[in-house]
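Take a look at this single chain, the form predicted alone, given in structure tokens.
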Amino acid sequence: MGKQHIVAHQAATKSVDKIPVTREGFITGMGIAAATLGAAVGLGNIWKFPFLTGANGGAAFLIIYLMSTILIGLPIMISEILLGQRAKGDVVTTLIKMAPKGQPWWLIGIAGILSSFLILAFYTEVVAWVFAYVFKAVSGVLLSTDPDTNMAVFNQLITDPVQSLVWQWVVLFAIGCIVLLGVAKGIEQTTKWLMPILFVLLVVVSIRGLTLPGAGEGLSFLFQPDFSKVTSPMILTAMGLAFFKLSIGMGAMMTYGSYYRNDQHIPLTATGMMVGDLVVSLLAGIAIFPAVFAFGFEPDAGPGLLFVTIPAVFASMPLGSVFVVLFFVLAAVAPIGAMISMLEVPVAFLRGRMGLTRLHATLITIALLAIVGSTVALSNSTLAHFQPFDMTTFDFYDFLTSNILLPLAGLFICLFVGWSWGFSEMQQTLSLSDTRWNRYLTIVLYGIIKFVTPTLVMIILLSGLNLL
């Protein structure tokens, strides 16, 4: 290593170590791992992954999804965390610090804040339905083997403006309280408790599914690939799911990266999180598909799989009243980590750029979410007639974030790291956390971020805009 490189490396180390006294951060390595995993694990694992897997042929879709997470999700996640750890700031401040003077890379941060906010606007409503279903499961309302009856229960919930609003406010209040407690006492402590509870509940429900007669057919569907079912739309769906499920492009990983300790091994942490997220998704599949096949239901039931098919499946089995409650408690626990990570993005921005206290930043964000989120909560009732671009507000926010904002942010993060920030800066930041990090592995990672990932993300973006 030359003298100039050593000086640059020392300067980079000093700039990272000079963290303001008031700057919050995660305390333990386990807390970092739990919070990062919690940011990725959510209803995407319990709801979206199973129904997309079911609708796209099972195991073949799973293999393509796994390849997508390695080539798209993981490189972008590592890039976001590296930038956050290096700059120790909110998403906008981070990109202002890291970018050459005068270049507007900070707009990526604005896109991330907007994405997190709009995703929360509709995501909290889906979680609101899950919260409501916990109480419906306890009361026995869901114990019908007839999908039509369960569909009527679901429609009654989403078309009732009072229930839709109140349950969304309950969700916002819950995540607001956690974020108010701060990074260490709120986010870190909550996720350290939630992740083990989530795994235990998943294992219990999965074991019950495996004991059912005919469960083997469900396992074959999930793990035995039929590559004749592979189509171009399936591949694009798997690539898009990798983007959505790993919480990339929305600023959450960059914000959490700013709370990382300097000695945290980022590639190892990100890879562990990717594996953990995959395990949760597979456990959800094991919990759902054996039971679905055992009782003769269809695995490609779409979004209704969670709220219509699953209650009918559990009502068909012995002790179904117990397991339907466990399942919806599980579905309620899963998204909390993801929601607080998204909420922290605008909160950190208001604190970092506007100088607000955590209390004021959180209250303002929650209030704005209650207003914007109400357009989603009422999209099936009072505002059913309001359909921008011939979509409900729920579908419009989902389309805008999943098809445009997230891929755009992911694309420009790759372009920034690969073409502006550069190899030497990336290597220096990686070496701060692990001096054993091999230069050749860094070259491989950098090459993927610079060339492979942006190409694949561009395909996702063009597909989402129906241009491909």
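Residue positions are given as counts along the sequence shown, with the first one as 1. Note that the structure is predicted; figures quoted are calculated from it, not measured.
Only in words, not in the display: the form predicted in complex with a small molecule, which the text now covers.
**Student:** Taking 4.5 angstroms as the cut-off for heavy atoms, does G31 touch the small molecule in the predicted complex?
**Tutor:** Answer no; every heavy atom of G31 is more than 4.5 Å from the small molecule in the predicted complex.
**Student:** Against the small molecule in the predicted complex, would A252 count as a contact residue? Criterion: heavy atoms within 4.5 Å.
**Tutor:** Output for A252 is yes: heavy atoms within 4.5 Å of the small molecule.
**Student:** With the partner left out here, check for me: in the predicted complex, does some heavy atom of P407 sit within 4.5 Å of the small molecule?
**Tutor:** Although the small molecule is absent here, P407 would stay clear of it in the predicted complex, with no heavy atoms inside 4.5 Å.
**Student:** How about A35: is it within 4.5 Å of the small molecule in the predicted complex, going by heavy atoms?
**Tutor:** No, A35 sits far enough from the small molecule in the predicted complex that none of its heavy atoms falls within 4.5 Å.
**Student:** Of these, A287, L82, M342, L306, which has a heavy atom no more than 4.5 Å from the small molecule in the predicted complex?
**Tutor:** Checking each option against the small molecule in the predicted complex, the one that comes within 4.5 Å is M342.
**Student:** Have a look at I119, I72, A291, I78 for me and say which one sits with a heavy atom within 4.5 Å of the small molecule in the predicted complex.
**Tutor:** In short, I119.
**Student:** Within 4.5 Å, heavy atoms only, one stretch in 142 to 150, 315 to 323, 238 to 246, 206 to 214 touches the small molecule in the predicted complex. Which?
**Tutor:** Checking each option against the 4.5 Å cut-off leaves 238 to 246.
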